[in-house]
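As a starting point, one isolated chain is supplied in structure tokens, in the form predicted on its own.
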Amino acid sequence: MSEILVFGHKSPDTDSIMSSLVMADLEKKLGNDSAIACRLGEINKETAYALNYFKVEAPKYIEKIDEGTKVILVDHNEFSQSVNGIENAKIIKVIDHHRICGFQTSEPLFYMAEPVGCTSTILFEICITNNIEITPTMAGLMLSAIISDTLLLKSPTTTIKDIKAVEELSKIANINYNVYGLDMLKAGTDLSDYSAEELLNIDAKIVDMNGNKVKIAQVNTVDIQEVLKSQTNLENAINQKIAEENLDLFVLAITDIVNSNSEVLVLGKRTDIVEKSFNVNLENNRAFLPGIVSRKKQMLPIMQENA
């Protein structure tokens, strides 16, 4: 039986990594022993904290896939965010919680998408629906992903389903999710040893906005101004990304997980998209966005409308 590669998006966040691991485990429990969890980038500190806590190895790293490779996509569906060679892969399943954009296949497939805060919430539902036992370790991985994507249930992307999943998974994992969650999120805010380029790659996605190629990166912190001390280096790295990837706009969202605000550093020829979307004037290439923490729900939709 040929192997099936399970992976999330490039510049993987905690949900992308955990969903890959959980989905591969779920496939094996359903009788598909050939499923292999993979990743398309480096593990960030938040994810590393969770993997270490639950004593789970990171998925194997892949850069590209061969034509006809069987794959399962989690936490994404846009090919621009996926592995090199995805256009010629045999996609058999997709589990996602993002918009569906430009996605098509030559054959039927299983596709499950829900407007919830995290892919792992959907995987939790699949386990419950199919009466599949959730081990404490898998519960911990899913719990970590939901905490990450919803900022400990404080993000506007949080739904009742996410809340119920966290409550049930924390019982299975025997964890106080508030204590564990805050420790995990804080682990991800240690940016001290990242170079500017590495910081931009922690969690970044390329999206098409009405013909404009836009990259939106996001980092979490407890001190926005501390991150902006390196603004010159960040701008140099951003301009390099714009040139190398032929981007029309690059947005770095620096999100304060304690006060639920973000400051954006914006460069490119379509900075007007950000100004119109959030009714701000960029000063020194920056703007403060009170109450904005979610790229998926609070940034992407309104920017798409104004592109």
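Just so it is clear, the structure is predicted and the values come from calculations on it, not from any experiment. Note that residue numbering begins at 1 and tracks the sequence as displayed.
Separately, the form predicted in complex with a further copy of the same chain exists; it is not shown, and the next lines address it.
Heavy atoms of residue 113 reach within 4.5 Å of a further copy of the same chain in the model of the complex, making it an interface residue.
By the criterion of a heavy atom within 4.5 Å, residue 103 is counted among the residues contacting a further copy of the same chain in the model of the complex. Remark: residue 211 does not count among the residues lining a further copy of the same chain in the model of the complex, judged by a heavy atom distance of 4.5 Å or less. Contact between residue 215 and a further copy of the same chain in the model of the complex is not found at the 4.5 Å heavy atom cutoff.
For the options 109, 222, 163, 182, the one in contact with a further copy of the same chain in the model of the complex, meaning a heavy atom within 4.5 Å, is 109. You can rule out all but one of 224-232, 186-194, 133-141, 92-100: in the model of the complex, only 92-100 has residues with a heavy atom within 4.5 Å of a further copy of the same chain. Shown here without a further copy of the same chain, the chain has no residue in 136-164 lying with a heavy atom within 4.5 Å of that partner in the model of the complex.
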